[in-house]
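A lone chain, given as structure tokens: the form predicted on its own.
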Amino acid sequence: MREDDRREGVWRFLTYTVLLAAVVVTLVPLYWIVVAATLPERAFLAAGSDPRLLPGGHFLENLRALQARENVDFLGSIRNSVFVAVTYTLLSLVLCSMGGFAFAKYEFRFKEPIFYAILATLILPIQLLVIPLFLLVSRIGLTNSFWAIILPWAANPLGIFLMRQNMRSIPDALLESARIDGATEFQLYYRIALPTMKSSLAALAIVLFLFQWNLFLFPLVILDTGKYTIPVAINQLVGAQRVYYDQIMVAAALSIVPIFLLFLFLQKQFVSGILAGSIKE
């Protein structure tokens, strides 16, 4: 009995140690971004030899310098990113939940090959898709349009996979009972499947929002000045002869705020969704 208690204590200590290390590795870069955003550029450049652990008092000065730049509309880029990320997330949730419901609850020809073909697209790097997508959106007249960076990834393969895995837990008997009562196939999806998937949808919403919020290469290629999103706008602060580190840190710190608020808003549903997926599979 004492040997079992000792082993359990050792495993618990190792588990907490690993979790604590993961928390430190995750939070230290975020804290450093916040600290760096409050430092003058000279102090930031000297941080290698003189590390600063506490915030300074130059946040507003750095923010004013960022807003005063002519080639970067920072507030406009935030509005663009919020519009693109929110629109993409809502549209993708609808498409992914419909796709997941179809793959989980219907039988049709070539179902499994089609599903695994969709899943295989996850291995394709964005760099490989830039030129084909650019040619495609150019032919349909979406160049320099927000829809050019929303539509190509709207049916997200990871989202379809997650929705399929979670919707397989919905009892078939429940759907058959609804069909006998006269429910249409769309009502089965809208009134039965979606309400039971709230937690999973919330978790997926955060993943989709982060994907679109951080998307850089394709918006850089397809959008012109004035429609830049946050990552592209921050990239404009890297000049050929000078890098504006103080302004980059301010922009990076402020770009975290919408993600933080979204996570706080969906925190309970996000944790429940992650746990539900882990239990079912």
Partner chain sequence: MCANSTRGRRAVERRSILKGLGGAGLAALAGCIGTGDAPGSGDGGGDGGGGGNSSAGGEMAKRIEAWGWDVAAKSLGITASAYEKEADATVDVKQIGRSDMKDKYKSRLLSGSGAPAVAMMESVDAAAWVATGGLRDIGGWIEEAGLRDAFVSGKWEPLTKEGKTYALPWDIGPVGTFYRNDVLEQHGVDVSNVETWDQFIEEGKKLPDGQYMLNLPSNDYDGLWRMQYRQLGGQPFTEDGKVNLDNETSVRVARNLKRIHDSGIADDKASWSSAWFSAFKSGSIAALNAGAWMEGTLRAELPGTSGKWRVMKPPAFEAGGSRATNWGGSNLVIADQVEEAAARRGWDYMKFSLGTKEMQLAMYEEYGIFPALKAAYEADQFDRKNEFFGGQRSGRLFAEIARKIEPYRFTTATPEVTKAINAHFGSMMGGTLSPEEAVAKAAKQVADRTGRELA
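From a predicted model like this one, the values you see are computed outputs, not experimental measurements. Positions refer to the first chain, counted from 1.
This next part talks about the form predicted in complex with its partner chain, which is not shown.
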Interface stretch in the predicted complex with its partner chain - options 227 to 235, 251 to 259, 56 to 64, 31 to 39, non-hydrogen atom within 4.5 Å: 227 to 235
Partner proximity in the predicted complex: residue 191 to its partner chain, non-hydrogen atom cutoff 4.5 Å: no
Touches its partner chain in the predicted complex: residue 134 (any heavy atom, 4.5 Å): yes
Distance check, residue 139 to its partner chain in the predicted complex, heavy atom within 4.5 Å: yes
Contact label in the predicted complex: residue 43 to its partner chain, heavy atom within 4.5 Å: no
Joint contact, 143, 220 and 223 to its partner chain in the predicted complex, by non-hydrogen atom at 4.5 Å: yes
Contact residue in the predicted complex, chosen from 121, 184, 71, 177 - any heavy atom within 4.5 Å of its partner chain: 71
